[in-house]
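Below, in structure tokens: the form predicted alone, a single chain.
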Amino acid sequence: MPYERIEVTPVSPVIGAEIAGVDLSQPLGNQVFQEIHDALMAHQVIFFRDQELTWDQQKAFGRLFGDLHIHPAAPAPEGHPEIFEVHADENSHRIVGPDWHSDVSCDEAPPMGSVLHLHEVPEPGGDTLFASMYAAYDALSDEMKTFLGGLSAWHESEKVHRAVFEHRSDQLRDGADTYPKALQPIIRTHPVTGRKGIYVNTAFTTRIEGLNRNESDAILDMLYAHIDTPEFHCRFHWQKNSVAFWDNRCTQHQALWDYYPQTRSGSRVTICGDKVV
């Protein structure tokens, strides 16, 4: 794919690319926006280095791709409900996202994508792994693709968010004690590329509709082990002021907590998506 205004360097044969020649703090022309969009569609997750961003600049970049999503459970900085703060240090008891997941897949219309900017990073450590759900789907047998194509699974917020954020029930986006949950197809079709990918994850998925518990657990465990195949992955090493922009519709990611007691800190904006098909 030719690019005129940006430089795109794949980081693995399957998923991920670094983008150079762009300052995300500045307004983007139509050509640059289209090339960034095309790179995201082609590589599923894209990375930028040396980006100094304010929250407002980060939100402005995210809004180029759609309305910004409000997290159902995470507290937000005053005046910035769209900002999801990511922080871990020597006082942390847990981190956000240590298991394979797609962001907020428990929403009826889950996010299209997420833009994470880290301004303080450990050295070494704190990498993020990304997995291609296209590659995971393509590697399934034809018989398994057919079987899974007729199934849906429940994704539930409370499974993760009650313990992680330790908030009062009246601080939730949708009302007191209202944790979103949604029945999503196990195989989803990307609305832009038309490619199919697996859409279950260890963080939010709880059970497969219509199967008994033993059957559901066995199939989900098989899919989780399959998604963990290294050949489907890339690994991003963060540097100060790096940005990762991933497509939640066809990827999963996992944050590594191998840097305690060092600090890893930044902010994320998430872009609204559509109902899963």
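Numbering starts at 1 and runs along the sequence shown. Only a predicted model underlies this, so the values are computations on that prediction, with no experimental measurement involved.
Unshown form predicted together with succinic acid; subsequent notes refer to it.
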| query | finding |
| --- | --- |
| Any non-hydrogen atom of Ala255 within 4.5 angstroms of succinic acid in the predicted complex | yes |
| Proximity of Leu151 to succinic acid in the predicted complex, heavy atoms at 4.5 Å | no |
| Distance check, Val121 to succinic acid in the predicted complex, heavy atom within 4.5 Å | no |
| Any non-hydrogen atom of Gly97 within 4.5 angstroms of succinic acid in the predicted complex | yes |
| Answer range among 101-109, 132-140, 74-82, 180-188 for contact with succinic acid, defined in the predicted complex as heavy atoms within 4.5 Å | 101-109 |
| Residue (of Phe61, Trp246, Phe48, Phe232) lying close to succinic acid in the predicted complex, criterion heavy atoms within 4.5 Å | Trp246 |
| Residues in 262-277 with any heavy atom within 4.5 Å of succinic acid in the predicted complex | Arg264, Arg268 |
